[in-house]
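Laid out below as structure tokens are two forms of one and the same protein chain, each shown alone and named structure 1 and structure 2.
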Structure 1
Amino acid sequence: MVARALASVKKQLGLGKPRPGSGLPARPVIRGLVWARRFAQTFFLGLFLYLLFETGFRGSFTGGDEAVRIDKPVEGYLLADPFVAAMTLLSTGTVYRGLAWSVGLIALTLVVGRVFCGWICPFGTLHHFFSWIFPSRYLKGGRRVEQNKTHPVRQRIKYYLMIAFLLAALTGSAIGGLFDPICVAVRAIGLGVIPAIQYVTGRGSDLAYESGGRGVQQAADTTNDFLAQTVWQNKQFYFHQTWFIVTLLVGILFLNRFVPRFWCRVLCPLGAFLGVFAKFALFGMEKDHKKCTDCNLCLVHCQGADSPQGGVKWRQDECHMCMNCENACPEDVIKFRFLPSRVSTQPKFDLARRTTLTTAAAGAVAIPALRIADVIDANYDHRVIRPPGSVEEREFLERCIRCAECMKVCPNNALHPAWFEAGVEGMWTPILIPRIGYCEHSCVLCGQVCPTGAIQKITEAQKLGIDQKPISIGTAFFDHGRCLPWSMGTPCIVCEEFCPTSPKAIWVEEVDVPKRSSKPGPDGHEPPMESVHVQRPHVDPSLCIGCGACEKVCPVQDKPAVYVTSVGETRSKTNVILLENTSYSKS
């Protein structure tokens, strides 16, 4: 059925038709470039997925004194992202370490145009793949030709988004990471798709065990061992907001059934950013309009809506360099070469001046408007517990691109995308939710994979406080009304046992308390009182690092008896338990 569908698509698109008078489908060099592009797309998508699977820890933190690191450049795609580099440059005034690699991609674009979009971008390839494997009945014949034409209003949207996000960065926020394609791919696939596949695989293994067949069970064991060692992390992960994140991904992919590569043509700010440089590329298209017979084969195969057809100015900033148009053209109207004639090229960007100015103004005022409530500087939300090594909150929002690399690599599933806990501006930035997972005492992996420095690359010695003060991300508090030794006279020291600091931040008070006996009283009267020895836990805030281990293991279900808030975090000088040397403390 799939083969018939593909054959039908090829017939509709005119694939394989010989060039008039030659009997050949296309010039061998161009056809070779088309196949090279397909190979490159497959390779770079595979590399992206490989690095994404490697963004995880499958070992143990009890194996010795050796530092735990991810030995592969798992954040490599983000480091080479020039839109991320531009946002961090505008928001912080600096380019963070490895982001200098993005200069190489800009140089490549200045030479051969938007080859990244057509040959390298994993998110663009994902859209291309879904458009090919699930061909739309809507996009046939004249409809496909019409949708592949340049639609000025549609093509402008991504440029307006790019301008708005860059102006937002200039006012101090990297919120544009919500729309960066590499960030979208890492966030959606890493937090939603991969855990979903792991869950389905686990359920399949459970069914295999329940089947009772020895051979099936052995195959399931072998498969599980392989996946646990090479693919999955050490347990099933779940993340907040993934239902929404994955739904958005599915929705964007579904739109390819109506507009080919919808994201790339309409919404991608990285594509728009590269398009600005591609306008001056040394490699480009020449068209002989007189020879064009209006067969529209170039439009049928176009991946970028750059107007390859005759009689229309070519949009160099929209071309993905897929080479499909020259490969399909039966009249040799289209030729790609270095230093081409610019006669048939659109010389200016097709942007509406008023809309551009309005968009720029909106981007410039959006972040200050979102900060009117002052949620960053004054009204702290106790749930905004940032990863260890995070910079101060204002700078954190200047740098964090919501890529979710830190969440994916966290070994205890402790980091999750925020919703509105940190305000609208903090949407999908990482926060620690101790009830789901705690911060591993000696783990610094989140800082190792952060591409922008929102989470610093600290060492284990810095985090643990060896020869210095340890890094704290919050402070634990006890709810005496729910704590078993405090409120019910029931012995429990789980939190103290699991406290990882040395000396322990949780200490216990030995005390005998009265408690009603579990045995009924004489003649059915009230049970007698008895004395019970319990150990009441206390927190030493000078030693607590806010890791959340106590909250994670608290045996009181639903709302735990011990909980962690962000107060007392090392990165902030104002989010403290007691303000010292201020008018507040003096009053």
Structure 2
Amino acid sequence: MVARALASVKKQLGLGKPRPGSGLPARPVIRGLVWARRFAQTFFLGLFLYLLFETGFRGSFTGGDEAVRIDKPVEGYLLADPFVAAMTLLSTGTVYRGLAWSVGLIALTLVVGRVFCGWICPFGTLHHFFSWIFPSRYLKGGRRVEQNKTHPVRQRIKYYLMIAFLLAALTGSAIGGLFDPICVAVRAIGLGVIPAIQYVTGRGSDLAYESGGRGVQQAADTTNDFLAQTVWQNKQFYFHQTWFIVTLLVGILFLNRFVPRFWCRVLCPLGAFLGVFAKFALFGMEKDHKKCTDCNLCLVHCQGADSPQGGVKWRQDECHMCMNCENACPEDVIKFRFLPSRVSTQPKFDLARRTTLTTAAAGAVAIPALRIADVIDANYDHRVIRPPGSVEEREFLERCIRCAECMKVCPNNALHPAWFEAGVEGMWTPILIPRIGYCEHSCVLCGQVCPTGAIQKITEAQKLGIDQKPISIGTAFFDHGRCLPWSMGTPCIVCEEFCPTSPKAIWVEEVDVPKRSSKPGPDGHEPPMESVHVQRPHVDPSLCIGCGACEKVCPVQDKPAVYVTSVGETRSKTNVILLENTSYSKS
């Protein structure tokens, strides 16, 4: 029994298993590296998910006086992302704070190539996993070999995307975040997959609660408490229009059924960006073409479709450094080593000059063209309520990479990916939807996790306005036709109760109003008139900070009687109401 288990482990590790052809096993160091890579992939995917779970405020029993912050670098993967750093460098001319860490990843790539793609990237690991778990009739034997050969036409696409996005950044928009793999992973898993699993778990827990006895109920409570404290939050989170984000994720994962790691090979602009540096990497492959028997075992296992087989030149910029090819090669054709001979390596980037220039031009004109649509200058949408501490809208678009960290961390589920409220260009940038969640008065977590400074790292004193003007994100308005005290002679003022400013921005006017009784009068007469005392709420626009607490709690359920729009936001000099906030020195 033990002997059989050992033998099976040895077989799994490739020990003692004669390989086809020469029958010689691969070098021990390579076999070790392949396993090191598998552990690294598991570890970095796990770390990514852990940091994503930790992207949310969970209180603690330790003290109550210190400022509330997330104590882990939950945005770490984005800080290490040099494509994000490059886009924001081109758009703003600066490297924002933690993004300087991305130089480390460039250094790593210059030494050992696209190790990030093959060993670290959590999105890459997902694709690796799904291209392994979906081995359908499309991807076996010869078909897999065929798909794993370099397909220059489709593999160039990611370079064109990268070039277009960098040019778009240069002309004022970090829109490339739509395609950055870390942004995609945070957005799709954080806003879609996790809440969906929570929803299913919740319904399962409801069923257990209804059917079970006391023991089952306690187990359900304990499980729910544990999950709320480790994976998600106390309540179910909902995100605006995430169906599309999740559909894209499912679609892109499904493509692994037809082309292994389709995303990594064809679309990933970060992979392309690292590919540029990988061209100069010190570590690489040497091939001894004469020994190659064209068995294609290297191609069966290839991740990057980078031509590891004999007879063609290796493409270092496409290689994920997974080491599978050397591990599989039975004839010792392939050797990874430092400072290899470049005889069998493709020397130039395989890009078509005209397409390169066309995509660069397309990227450069896209943003100005999109701004001809009215969303920024002429007809700013009142629903574009940006998180507190956001910079002015143009700079915001230069910085926001749509990574969804702010939406994930928001404890009240207030921040959502915009659909087309902020224009096509502003898709999936954060907007506050007060009806779903309001901005918690003393909370500054969205700025803390923002990797690019689209939301600045403000302090509580700045936000609350201690010895300064508070940060406002909009202004509340009453719809008198729907407000209970204003039009229905019914007491309410929940809005005033929740208004967090001091003095309150919502104040009440005490009035006695006539109200017709709901019961008919005697002898079929009109119902009698009564007088009721109500408090009618008003907004003081100079005190309102637009947090939306009033809108959130308004009992007029479907279309609230008090609502917040973006006007009066501190960050804008033009989207204002009051004279005292207006300044024409800035357009």
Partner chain sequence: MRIPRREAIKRIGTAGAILGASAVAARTLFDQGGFDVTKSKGARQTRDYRIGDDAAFAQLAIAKNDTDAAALTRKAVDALGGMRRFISNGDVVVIKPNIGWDRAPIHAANTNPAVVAEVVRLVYDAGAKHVVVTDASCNEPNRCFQRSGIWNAAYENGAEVILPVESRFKSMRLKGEVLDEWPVYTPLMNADKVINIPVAKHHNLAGYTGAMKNWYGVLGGRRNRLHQNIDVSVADLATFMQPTLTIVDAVRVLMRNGPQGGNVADAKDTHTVIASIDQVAADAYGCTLIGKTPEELPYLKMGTERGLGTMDWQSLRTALV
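Keep in mind that this is a model prediction, so the values were computed, not measured. Take the two forms, superpose them, and find the largest set of C-alpha atoms that agree within 1.5 Å; that set is the rigid core. Structure 1's sequence is the ruler for residue numbers, which start at 1.
The second of the two structures is the form predicted together with the partner chain.
Annotation for Pro470: C-alpha shift under 2 angstroms between structures 1 and 2, rigid core superposed. Once both forms are fitted on their rigid core, the CA atom of Phe134 lies 2 Å or more apart between structures 1 and 2.
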